[in-house]
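The data below hold one chain only, encoded as structure tokens and taken in the form predicted on its own.
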């Protein structure tokens, strides 16, 4: 079966010597949502730029729907849509104009373009602002118009580079719903994000990258189970010493996170904290915890 996206031993070294990609290899299945997470400078955007024919790699191969993006970029472009980090709307256009005319450029009928634009603007919550000029909109509202244009496109593979940056939680969840609807209809999405909740909520598979290489990949459940810790306890108080014997203790100012290798230890830890007059909150391991453990630091 031809994968929607295939990256094999991909490397990119810029003229100044910066190694943005170092042997990156990963795949995205057709009709699935792959989320790529990593620290700033991990190579996420560089990889997206290669896959969308904007950047030529130093070595390795990258294919979209089985087509080599370097050898045959013109065959790739009709099948992809991109929402880059730095995307800007046309300031004099309204969201309606922006989405409608970009859709028309694909060669579809006016009626089809109108139908797609209406649906996409509704999905991102912009229907009430659809006729206002973009220069009068907030940064988040402009971002939503850009995402709407990608939703309205007929592209089989969508590349979304941090599409919900700057959006409030309610709108963010609306867009998550839109992404899942597109996947249900058979479209493939490659998403980059710094939001761990977003990655957990929308992904079929997650790829963790660092220093231009793949660290691990799998379903959200696979990624969470890739570390030994099975639960965590957040301790709040001024005397949280003496808990190191239960597991790894990470200090965060006036609170600490205790990672437990056995879930059944949680009750014992809670009893011990209460006896010291501290508060404790037990929860399962999150994707952000895994990120911290795998990459040795918290999300920037």
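Numbering follows the first chain given and starts at 1. Note that the structure is a prediction, hence the values are computed from the model and not measured.
The same protein has a further form, the form predicted in complex with a small molecule, not shown here; the description that follows concerns it.
- For a residue to qualify, one of its non-hydrogen atoms must sit within 4.5 Å of the small molecule in the predicted complex; none of 140, 144 and 176 qualifies.
- Contact annotation: of the candidates 63, 39, 232, 32, the single residue with a non-hydrogen atom within 4.5 angstroms of the small molecule in the predicted complex is 39.
- None of 194, 187, 172, 224 but one reaches within 4.5 angstroms of the small molecule in the predicted complex through a heavy atom, and that residue is 194.
- In plain terms, the part of the chain that comes close to the small molecule in the predicted complex, with a heavy atom within 4.5 Å, is 44-52 out of 268-276, 66-74, 248-256, 44-52.
- Although the partner is absent from this view, residue 20 contacts the small molecule in the predicted complex, with a non-hydrogen atom inside 4.5 angstroms.
- Residue contact check for residue 162: one or more of its heavy atoms lie within 4.5 Å of the small molecule in the predicted complex.
- When the small molecule is considered in the predicted complex, residue 85 lines it closely, a heavy atom lying within 4.5 Å.
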